[in-house]
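Let us start with two forms of the same protein chain, each given on its own as structure tokens and named structure 1 and structure 2.
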Structure 1
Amino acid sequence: MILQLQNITKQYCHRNGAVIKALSDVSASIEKGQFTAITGPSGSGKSTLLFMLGGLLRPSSGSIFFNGQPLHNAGDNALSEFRKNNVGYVMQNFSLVPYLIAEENVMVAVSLLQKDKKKQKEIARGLLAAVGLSDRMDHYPKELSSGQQQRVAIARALANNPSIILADEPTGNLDPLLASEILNLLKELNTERGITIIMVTHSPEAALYADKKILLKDGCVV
């Protein structure tokens, strides 16, 4: 069991004083090497749950464990180390730096490994090759298709050799053909590298790539 949630609740206080529950008594477990899809209608708490699993949000109550170690009560430094050593992120809007070429975008993440510049460049080039962009390393984001930009984002997510990739609507800005390419790439990373993939998606077609589905509605697991 790589990740386990026990009775997670996350609530916010609106500026008008109302209490909003984003998640309510959610329990779930994710096995190492599993491809999990978190699905459900808009506003059901999918992204909140994903950020909770990645140590970006703390629960209002309940427990989260990574390889048996508690995350729910970990300090900021411990959560930062957890993310740095274990988690890669892929977002819907790619989040690339527009004035950096593909290689440099990946090197931004690789630089956190505290290698020398020559080694950083070598790692970045290897990661871009791994996602099929050997011939696009010197291209700026605006010179790449949406699918290629997402591949750069995936290469960047691999920089720390993560055990988990959290993907928040990774195909939301892609047409069906490009979406299929990105989903196949994620599946390949899952099966060939053993990376645990946790993907938020509203697409039933995308969810078919997963081994396990967690369906949320109104902040609860259905």
Structure 2
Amino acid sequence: MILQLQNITKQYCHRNGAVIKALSDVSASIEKGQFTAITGPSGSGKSTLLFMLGGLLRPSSGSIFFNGQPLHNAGDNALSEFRKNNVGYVMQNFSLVPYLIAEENVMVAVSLLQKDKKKQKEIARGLLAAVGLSDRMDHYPKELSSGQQQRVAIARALANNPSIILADEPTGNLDPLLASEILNLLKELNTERGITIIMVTHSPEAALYADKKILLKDGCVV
């Protein structure tokens, strides 16, 4: 088991005073090397759950363990070490830097772990080649198709050689053909590199790529 959630609740205290219960008593376990899909209606707590699995949010109560080590009470430094050493993130809107070419977008992430500029470039180029973008390394995001932009984002997510990739609606902005290319790429990273993938998706077709589904409704696992 790589990640374990026990009786997680999360409430957001909004500045208007409202308390919003995003997750209630969620327990789940994710095996190493598994491809998991988190599905459920809008507002059911999917992104909240994903952020929590990635050490970006702490639960209001309950426990999370990564390889048996507690994350729920880890300090800021320990959480950021956990993210840096283990997790890659892929988001729906790609979030690439518009004024950097593909290679430089990936280098930004590589630079967190590798200080030598020449090596950064080498690693970034290798990662872009791995996602099939050898011929687009010097393109700006706006010169790339949406599917290609998402590939750059996936290359960037691989910069720290993560054991886990968290993807929030990675195909939400893509047409069905491009979506299946991205899903195949994630599946390949899963089967060939053994990366544990946790993907939030609305799409039943996308969820078919997963070995396991976690269905959320109103913050509860159904």
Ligand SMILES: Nc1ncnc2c1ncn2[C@@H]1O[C@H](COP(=O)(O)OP(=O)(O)OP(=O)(O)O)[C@@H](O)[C@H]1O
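Only residues modelled in both forms are compared. Superpose the two forms; the largest set of C-alphas matching within 1.5 Å is the rigid core. Just so you know, these numbers come straight off a predicted model, no measurement behind them. Reference numbering: structure 1, starting with residue 1.
Can you spot the form predicted in complex with the ligand among structures 1 and 2? Looking at both copies of the chain, structure 2 is the one that matches the description.
Align on the rigid core first; then say whether the Cα of L208 has moved by at least 2 Å between structures 1 and 2. No; L208 is a residue whose C-alpha shifts by less than 2 Å between structures 1 and 2 when the cores are overlaid.
Taking the rigid core as the frame of reference, how far in Å is the Cα of A18 displaced between structures 1 and 2? Shift of A18 at C-alpha, rigid core superposed: 3.2 Å.
Sticking with residues common to both forms, list the runs of three or more in a row where every CA moves 2 angstroms or more between structures 1 and 2, core superposed. Segment displaced between structures 1 and 2 after core fit: 13-19 only.
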